[in-house]
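Next up: a single chain in structure tokens, the form predicted on its own.
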Amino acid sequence: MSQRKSQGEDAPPEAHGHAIVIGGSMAGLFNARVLSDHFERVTIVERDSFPEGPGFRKGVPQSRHLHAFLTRGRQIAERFFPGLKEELVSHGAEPMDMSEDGNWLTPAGMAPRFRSEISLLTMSRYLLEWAVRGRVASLPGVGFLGRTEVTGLLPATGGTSVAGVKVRSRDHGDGADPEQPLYADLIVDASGRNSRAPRWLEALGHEPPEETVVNAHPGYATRVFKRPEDPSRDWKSMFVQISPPEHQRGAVMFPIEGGRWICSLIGMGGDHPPTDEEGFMRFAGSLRSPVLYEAIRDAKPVSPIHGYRDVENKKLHYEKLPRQPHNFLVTGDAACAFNPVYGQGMTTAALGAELLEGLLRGRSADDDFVGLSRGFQKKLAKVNAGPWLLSTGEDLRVRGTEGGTAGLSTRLTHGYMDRVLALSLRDLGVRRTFLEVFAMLKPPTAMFGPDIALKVLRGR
């Protein structure tokens, strides 16, 4: 997959010349799919080499852990890649109703189980990324440059635009291979949390973006188990939700391909789950419900225990730059990254690609991209605002959270949402709305609609 396809074959009508995507993970793949409709060539530049099948990449350490591809993100992916769901199911992905098929212990108690028609498709991140990468690789004009590092941006004449990137192969040792220019009409940085875009912009004379960090000091430990046969088991997944500040431990367990469970233990406020055998099981046994511990106690482990840290909420305010370089966009975790416990990352990346699709629609090959960067970053900030509010708002409940405090409005919101959650355990309409918000099918403001607000007030 490191070989370029023939350039310009079956190029879309009225296409621009060349687009570059930095990063070959989910955000990069979604954006490459969108760009392939508008450019003769799209090149995905990635530091790693790509595995032939579903497998681990060093540049995606989070891929070892449980991932939730929420309903809204899956809908976008299915539109981008028709038949993707059936392909994933054929490789062992598990369809699941978010309410009916899972035990979900909320801070208010065990959630009711009912047919919600809000579907999930659970699988390993390895399988999902491999399937999407295969779809992107089959697109005309799309190519991959694996084991290639972007070292900087190339300025256009006049300095107001970006003309391309500087790249270096990683196949010949550090510094052994000289930098090479790679020119393009549009560059999209989707290189993740550790994006170097602020430093690249500074090198071109631009101000780096402001940064906001809200850190509840989360940590994860994940292990994969062979699912034991148990005809009496009436659930597929399990979610023991954290309930800070009293209970800062939680866990999620989903079925994945190969008849396996993937179990991620979660600890907030620096109370991280251990990665040794005894400590992992002791942490699982300390959760608010014993059901998950009892399920994995007799299950056969089929992977090591992997830990993961440094996953704070981080937002870079590219939308506020006083001087926005043309032809250069920043998206996905490179622009706004969330605490993964809320499962919003991949779906938010898909929403960002959908935003780019709308902004490119109707542009002819004669149009330039002046103003696109500023418009994209401002609209992307609005797309990210809802997930950011949910993630940081909940993290502000955790003792020791850095980067923010729960002011009066946040405390009032916490109190209101606590009552909504309690109400949702006995009112299936409220529970369905909650699940729709969680699945990113509705905005968080749906929880404040008049029907729910009146029920909450009456409940008081």
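For every residue, the number given is its place in the sequence shown, counted from 1. Small disclaimer: the values here were computed from a predicted structure and weren't measured.
Note that the form predicted together with a small molecule isn't included here; everything after this is about it.
Not one of V214, S237 and D395 is positioned with any heavy atom within 4.5 Å of the small molecule in the predicted bound form. In summary, the region of this chain contacting the small molecule in the predicted bound form, judged by heavy atoms within 4.5 Å and restricted to 58-66, 428-436, 413-421, 35-43, corresponds to 58-66.
Within this chain, Y308 lines the site of the small molecule in the predicted bound form, having a heavy atom no more than 4.5 Å away.
Among heavy atoms of G345, some come within 4.5 Å of the small molecule in the predicted bound form. Contact between S124 and the small molecule in the predicted bound form is not found at the 4.5 Å heavy atom cutoff. In the predicted bound form, the small molecule sits within 4.5 Å of a heavy atom belonging to E149. The partner is absent here, but in the predicted bound form a heavy atom of G192, alone among P255, P244, G192, G141, sits within 4.5 Å of the small molecule.
Contact with the small molecule in the predicted bound form, judged by any heavy atom within 4.5 Å, is made by just one of P387, G269, G102, P340: P340.
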